[in-house]
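Next up: a single chain in structure tokens, the form predicted alone.
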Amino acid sequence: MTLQVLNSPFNEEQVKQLNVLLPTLNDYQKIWLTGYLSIAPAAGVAVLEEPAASIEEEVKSIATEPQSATILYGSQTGNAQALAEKLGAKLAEAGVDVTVASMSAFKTNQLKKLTNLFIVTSTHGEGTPPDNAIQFHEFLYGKRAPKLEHLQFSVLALGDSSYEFFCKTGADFDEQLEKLGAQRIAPRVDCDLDYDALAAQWFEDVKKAIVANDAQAALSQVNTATKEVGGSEYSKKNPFYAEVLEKINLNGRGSNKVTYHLELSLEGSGLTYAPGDSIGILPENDEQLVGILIEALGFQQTEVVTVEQQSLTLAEALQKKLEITVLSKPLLQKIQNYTVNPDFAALVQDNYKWKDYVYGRDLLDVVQNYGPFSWNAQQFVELLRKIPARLYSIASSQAANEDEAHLTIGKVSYETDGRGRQGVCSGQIAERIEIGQKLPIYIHSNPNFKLPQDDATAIIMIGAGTGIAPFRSFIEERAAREAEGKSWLFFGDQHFVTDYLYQTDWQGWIKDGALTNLTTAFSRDGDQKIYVQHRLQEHAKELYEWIEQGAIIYVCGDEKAMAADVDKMIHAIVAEQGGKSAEQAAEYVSSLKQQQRYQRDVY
């Protein structure tokens, strides 16, 4: 490139100098120089008419000491951890000295030494912190929490707006840090299940705030502007379409349940996973339900609407893009703006009535019972959020199935007000997906539910129903690696004859030695219901010995029922067998969690 004098802001002599310099610069030097020139006026630095070497000296003279930041995450399934690590990478590229850590691993006595703190946390269940955030949450709300006037902070909260206490844990941290005197460096951002865009904007807000007056970081930001942090070819935004190789109902005739074993081909995808990871499926709504809903709305299926800057027919948008089966308080409040029905207003305003109403119901119920509505098709679709992906624990080891991933999916079906309902994804798998068809998927890594690196470490696995899935991957992996560590599986379901999921697999691994102990609990086979926590109690002495010898406990299943009962039993066993008070037992179990020797994958 040759610079011409015509229409140039430079005089002839300057043009000659630039024409000598520019051809000698590589792409990196040009980007560097652009970055320097872009920040020089803001930093009060005169642009030099000297060789490039002296520019570097000038930048060194104005550069401030690198900022430091600590990023703490509270994560149950790994989403918050992945976002925290991504923010860490972005800040590091901008010249910030970054530490990223789980809240459970962070020493609270270091809090007073921090200058910048960024929190990324999910909210678990009905407004509770994730397991690895509980202690830090309790510390901040306790009497020992220090004054933090010196601290700058910001919070990224992850949640699910279908729950009443949407993003509550993030809001808790945000409010309590402010009460302790910390200064908010960027506003808290609350993210629903489709969080990518909001999280990316928060990253940028945080980065701009922390490097606002740091010339060295600004240059680093320019130099890395074209970089992307991590990521693989296939993701939630760009899913891999995996062919269904096998679909088997694992339950016997006469069972109250329908549980499918699904085998998916990963051939050609380059996707990799580890035991404990999940697969996200991007499901579609039932076409029949969509048709009935559109008819009830009084719209036409072929009407064109815009969703995320894409023009689609209303039928396509409601079937493939938007959630229509979950009612949340925010959605009901939005709908209220389009109806004058007094009964609907009374429903939304009564905290008990709306909770009772939304259970087991969907948008069709609202449309059929609470009209008339004043919306048009475009206004209606703008009320709805995207269909969330469904995560399923992978039930296979890639070491044993190189180009496959297996899933264990229980069909959700029920009846409300005389109308049959199905889970969005499980219903699609059960009723509308056959061998040879393809599903859009991506791998969801879960760093908080992983086999120990040392194959000699003993593991205790506790699961019920489809919670058995990750343990099939654990044992298949250990069998492939010929691991020597002991393993003990506690599995529960309703009936031995019809609901013993993967029975032949477990028996084969017991025979081969990959699985050491197998204890089952079939709750409907006797006069009294026996669950996995009862089996834990029966084996309390040996279990405690395993734990004392270093075994890792894993729990997978329903959080409110099975996992909660198992947690209570583990505390009781530790107290009884260890001769501890309830408080000492709680500290012991808390220590197990801190050491990642008590890991849960609950839902």
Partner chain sequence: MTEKIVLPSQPGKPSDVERIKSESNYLRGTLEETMQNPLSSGIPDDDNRLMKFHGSYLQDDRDLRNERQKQKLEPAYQFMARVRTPGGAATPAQWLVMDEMGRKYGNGSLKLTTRQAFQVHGILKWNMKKYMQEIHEALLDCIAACGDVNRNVMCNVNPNQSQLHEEVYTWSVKLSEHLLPKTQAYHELWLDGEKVYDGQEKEVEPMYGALYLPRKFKIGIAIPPSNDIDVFSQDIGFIAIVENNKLIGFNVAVGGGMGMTHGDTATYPQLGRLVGYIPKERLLETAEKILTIQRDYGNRSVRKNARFKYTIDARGLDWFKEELHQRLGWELEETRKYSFNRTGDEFGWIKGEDGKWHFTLFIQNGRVRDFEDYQLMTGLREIAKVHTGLFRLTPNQNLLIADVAPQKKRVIDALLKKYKITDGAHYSALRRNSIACVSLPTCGLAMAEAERYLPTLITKIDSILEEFGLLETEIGIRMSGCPNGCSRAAMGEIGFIGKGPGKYNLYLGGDFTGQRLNKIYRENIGEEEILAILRPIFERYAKEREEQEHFGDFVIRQGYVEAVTDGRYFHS
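Numbering follows the first chain given and starts at 1. Values in this document were obtained by computation on a predicted structure and should not be read as measured data.
Omitted from view is the form predicted in complex with the partner chain, to which the following refers.
Novice: Find the only residue in S161, T520, S426, S102 having a heavy atom within 4.5 Å of the partner chain in the predicted bound form.
Specialist: Only one option qualifies, and that one is T520.
Novice: Give me the residue from N238, T108, Q507, Q379 that has a heavy atom within 4.5 Å of the partner chain in the predicted bound form.
Specialist: Of the candidates N238, T108, Q507, Q379, Q507 is the one lying within 4.5 Å of the partner chain in the predicted bound form.
Novice: Since only the chain is shown here, I'm wondering whether F165 would be in contact with the partner chain in the predicted bound form (any heavy atom pair within 4.5 Å).
Specialist: F165 lies outside the contact set for the partner chain.
Novice: Just to confirm, I248 within 4.5 Å of the partner chain in the predicted bound form by heavy atoms?
Specialist: The answer is yes: I248 has a heavy atom within 4.5 Å of the partner chain.
Novice: Answer with yes or no whether T498 is in contact with the partner chain in the predicted bound form, where contact means some heavy atom within 4.5 Å.
Specialist: T498: contacts the partner chain in the predicted bound form.
Novice: Considering non-hydrogen atoms and a 4.5 Å limit, does the partner chain approach F203 in the predicted bound form?
Specialist: F203: no contact with the partner chain in the predicted bound form.
Novice: Residues in which of 438 to 446, 510 to 518, 89 to 97, 362 to 370 have heavy atoms within 4.5 Å of the partner chain in the predicted bound form?
Specialist: In the other structure, the partner sits against 510 to 518.
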